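We begin with a single chain expressed as structure tokens, specifically the form predicted on its own.
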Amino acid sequence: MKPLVAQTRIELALTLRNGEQLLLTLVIPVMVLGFFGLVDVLPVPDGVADPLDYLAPGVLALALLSTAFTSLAIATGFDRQYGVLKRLGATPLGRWRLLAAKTLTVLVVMVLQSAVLVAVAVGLGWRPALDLPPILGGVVLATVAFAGLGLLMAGTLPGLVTLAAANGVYVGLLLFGDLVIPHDSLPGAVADVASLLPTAALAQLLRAGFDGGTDAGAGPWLVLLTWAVVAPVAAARCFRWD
């Protein structure tokens, strides 16, 4: 356990000291939540009385995406390119402890993100009614799916390509993933494709969970479960350590 704890501390320290990582994981979600929570410029789906009921869960989903996908992909991609993964994997730490340390780091950062964003949203006037099963279930499945996609990208592409691709996907999902812009505002064909994205499924489950257990239907669960199975399997088959 000591090597795992030590490596987790190192991973966490590197993440918190990295300006780009902090920008992605905390600064951008807080800015999006603060700006759109104060400035009434975004369209709101029909039936939503308070814009924060739509916006806050979407930004929480964005924060999870930034940590479990974008930051993990970029950090792992450069570790692989510079030979760090190969060298650490050959030490007594081992490959499984290295991956476990990265996973624990993601979880710790997610807890910190959630605490900050919920506090900001509540300060803006958000008053959620919690129903934990869709929230916890959605977060677990989305974390597995996002991490699988991030490791698939990091384990198959060069570091700089991973950096560009991960940031590009992040921006694309921010715009079209039902996080801050409702599907109702998108063209029909785009909305149909966007509804199959893991961010859209997670956001729907979070909104249902923070709305006192409103039924999100089976669709988001099926979409998220599919991504949570396919992405890690693809990553496990395609990942290269050097």
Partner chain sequence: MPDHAILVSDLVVRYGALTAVDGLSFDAPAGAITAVLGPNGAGKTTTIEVLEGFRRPDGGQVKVLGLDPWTDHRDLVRRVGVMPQDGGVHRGIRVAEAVQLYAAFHRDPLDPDTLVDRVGLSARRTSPWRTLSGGEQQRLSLALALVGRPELVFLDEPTAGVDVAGRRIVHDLVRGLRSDGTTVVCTTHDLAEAESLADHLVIVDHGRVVAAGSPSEISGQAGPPELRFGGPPDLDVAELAVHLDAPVTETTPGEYLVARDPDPATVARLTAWLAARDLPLADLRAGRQRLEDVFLRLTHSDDGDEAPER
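Residue numbers count along the first chain shown, from 1. Owing to the predicted nature of the structure, the values given are computational and were not obtained by experimental measurement.
Below, we refer to the form predicted together with its partner chain, which is not included among the displayed structures.
- Between 80-88, 106-114, 131-139, 164-172, the stretch whose residues reach within 4.5 angstroms of its partner chain in the predicted complex through a non-hydrogen atom is 80-88.
- Residue in contact with its partner chain in the predicted complex (any heavy atom within 4.5 Å), chosen from Leu152, Val120, Leu93, Val144: Leu93.
- Think of it this way: in the predicted complex, its partner chain has a heavy atom of just one of Leu14, Leu23, Leu222, Ala234 within 4.5 Å, and the residue is Leu14.
- Within 4.5 Å of any heavy atom of its partner chain in the predicted complex lies no heavy atom of Cys238.
- The closest non-hydrogen atom of Val229 lies beyond 4.5 Å of its partner chain in the predicted complex.
- Residues in 116-150 all lack a heavy atom within 4.5 Å of its partner chain in the predicted complex.
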